[in-house]
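A lone chain, given as structure tokens: the form predicted alone.
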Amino acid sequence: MSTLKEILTRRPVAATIRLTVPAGGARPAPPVGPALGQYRLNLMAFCKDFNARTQKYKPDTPMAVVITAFKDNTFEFTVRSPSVTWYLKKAAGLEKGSGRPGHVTASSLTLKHVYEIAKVKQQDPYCQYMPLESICKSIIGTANSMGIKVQKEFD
């Protein structure tokens, strides 16, 4: 429950914008420019902040960003780590998953790969309170739906 002070100091939200931007590659050109420009947000401030926050990732890593635009032309944003499918494709060395998952196996990974991906995803704000085992089960389900077989270890 919110306190009275929090309710009175709450700023009205104009929009919530979801983007996928390459790490360290935010520029005021499309897709960032038009998405933020229509709410009259400061593009250069966003680009500098985003690039500073994502400099630890390799360039061109797709980062999910949720930007909250307020009516007074200010904003806040949270950066999430890349999607599980991106990590799975990188670990398996694939461009895309199987066309017929369950019938055709595109590649295979070990549980060690899954565990490493789960450790990275656990640092996301939405997954930080989830147990590692639950995140691993979710990743295995995603891998199965992509046609990637998960084994205990390679033979």
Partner chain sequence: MSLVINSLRSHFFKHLLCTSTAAAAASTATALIFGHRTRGIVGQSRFSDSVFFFSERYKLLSQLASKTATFSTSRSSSSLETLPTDSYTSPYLSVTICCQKNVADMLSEALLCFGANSTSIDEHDDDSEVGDEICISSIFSVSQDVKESISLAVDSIGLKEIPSYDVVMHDHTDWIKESQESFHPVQVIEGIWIVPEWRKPPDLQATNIILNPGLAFGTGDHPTTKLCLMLLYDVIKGGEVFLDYGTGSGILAIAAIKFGAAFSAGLDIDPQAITAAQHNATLNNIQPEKLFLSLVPSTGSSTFTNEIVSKPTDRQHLNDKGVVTETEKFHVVIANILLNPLLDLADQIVSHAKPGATVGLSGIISEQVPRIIHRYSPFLEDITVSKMDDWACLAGFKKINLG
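Model, not experiment: these values are computed from the prediction. Positions refer to the first chain, counted from 1.
Another form exists, predicted together with its partner chain; not displayed. Remarks below refer to it.
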query	finding
Partner proximity in the predicted bound form: Gln38 to its partner chain, non-hydrogen atom cutoff 4.5 Å	yes
Contact of Lys48 with its partner chain in the predicted bound form (heavy atom, 4.5 Å)	yes
is_contact(Thr20, its partner chain) in the predicted bound form, heavy atom dist at most 4.5 Å	yes
Partner proximity in the predicted bound form: Pro28 to its partner chain, non-hydrogen atom cutoff 4.5 Å	yes
Interface residue in the predicted bound form among Ser108, Gln122, Thr61, Asn42, criterion: non-hydrogen atom within 4.5 angstroms of its partner chain	Asn42
Within 4.5 Å of its partner chain in the predicted bound form: residues from 65-101 (heavy atom criterion)	Lys71, Arg80
